[in-house]
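The data below hold one chain only, encoded as structure tokens and taken in the form predicted alone.
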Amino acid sequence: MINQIQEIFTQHFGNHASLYASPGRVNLIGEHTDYNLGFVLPGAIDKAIYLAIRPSESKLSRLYSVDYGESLTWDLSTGTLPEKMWARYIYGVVQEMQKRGARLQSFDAVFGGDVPLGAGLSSSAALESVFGFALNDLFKAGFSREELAKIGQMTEHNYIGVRCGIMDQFASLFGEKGKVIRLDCRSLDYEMEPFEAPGCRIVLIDSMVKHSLASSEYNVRRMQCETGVATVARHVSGVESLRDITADMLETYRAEMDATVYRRCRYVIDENQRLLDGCDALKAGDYETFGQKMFGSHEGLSKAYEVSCPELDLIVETARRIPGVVGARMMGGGFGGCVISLVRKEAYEPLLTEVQERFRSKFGETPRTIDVTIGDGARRL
């Protein structure tokens, strides 16, 4: 892919391009905790968006997307939002950097990637991050990686219309090979946790279901969590989010809550604790315990938070039955997407065979599988 992008750049624009990469991400534990100001545990992966770029003397910037086979020329000084959706991510990054005082000049760029689309691996955050990192480096804008993550997040908010958290951009920019990121979504403090998992593979199994309910149900879940917080806050000062509420507090005021609101809040509180306990297990090299936390995460997402679906549940139930599958859980907002599994090498083929047979039998399709490893974040190549 890197060689292909380099060759296409030469064909379109000539020589002397600089090369950059920024990866997609997985999230090991910590789902629906971000907007409740809890913890997440993402890692960058070995699949990325790659960029060849060179400053231009022209007033116009020229872009070519390998994945779409499309070109675009624009003047950085204009405020016109591009019609092409892929270009809006780049346009948004440029605008957000310039808002913060960056003095950017025109550029020529060719980009493409091997982050599988539609698998919940955050190819959009990788695109924002690779352009932010490259422009910051080329034009000496002086932004930190944290500031670049916020620029990517604001690109989603202001130019794409997606009110996302910061986890995806953070993972794409801060990732390190053999480590995952314990990110505090309230303070943005983070700690790199070891993730070597000797003798294991990470495999994603796609449910083949699109997230048709995810956006509307996301808003419902968020409102339910806020309702629970408001109930406790009437009695306890200083409570602003579920992050501030302990399990004992929630039990104390349970009678004042709708049963569904209680279940949603209890899941988030338990998920934060699962993540912290899982990080302790990683420090101790105890991947079996970590895997059990992954299974517990899926149980909570399916039964208490109710954001799973039959396809996801079948994959996880099958994984749980196979010796050598250390852990498995749905990943992402829910109602579709992938299951992430940590699998001992000897269990890899039995897992895929059993899942594919059961899935075909029940749903009539063969699920896609994607192997990933934990890799480095945004970088110049």
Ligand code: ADP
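Keep in mind the model is a prediction, meaning the values are calculated, not measured. When you see a residue number, it is the position in the sequence shown, counting from 1.
Only in words, not in the display: the form predicted in complex with adenosine-5'-diphosphate (ADP), which the text now covers.
Enquirer: Within 4.5 Å of adenosine-5'-diphosphate (ADP) in the predicted bound form, do we find a heavy atom from each of 68, 89 and 121?
Expert: Contact check passed for all of 68, 89 and 121.
Enquirer: Since exactly one of 117, 247, 230, 220 fits, which has a heavy atom within 4.5 Å of adenosine-5'-diphosphate (ADP) in the predicted bound form?
Expert: Here the answer is residue option 117.
Enquirer: Counting non-hydrogen atoms within 4.5 angstroms of adenosine-5'-diphosphate (ADP) in the predicted bound form, say which of 107, 305, 290, 111 makes the cut.
Expert: Contact check passes for 111.
Enquirer: Using a 4.5 Å heavy atom cut-off, which stretch among 171-179, 184-192, 123-131, 305-313 contacts adenosine-5'-diphosphate (ADP) in the predicted bound form?
Expert: The contacting stretch here is 123-131.
Enquirer: Just to confirm, residue 49 within 4.5 Å of adenosine-5'-diphosphate (ADP) in the predicted bound form by heavy atoms?
Expert: Residue 49 belongs to the contact set for adenosine-5'-diphosphate (ADP).
Enquirer: Is residue 284 close enough to adenosine-5'-diphosphate (ADP) in the predicted bound form to count, meaning some heavy atom within 4.5 Å?
Expert: No.
Enquirer: Answer yes if any heavy atom of residue 85 is within 4.5 Å of a heavy atom of adenosine-5'-diphosphate (ADP) in the predicted bound form; otherwise answer no.
Expert: Looking in the predicted bound form, residue contacts with adenosine-5'-diphosphate (ADP) include residue 85, since a heavy atom lies within 4.5 Å.
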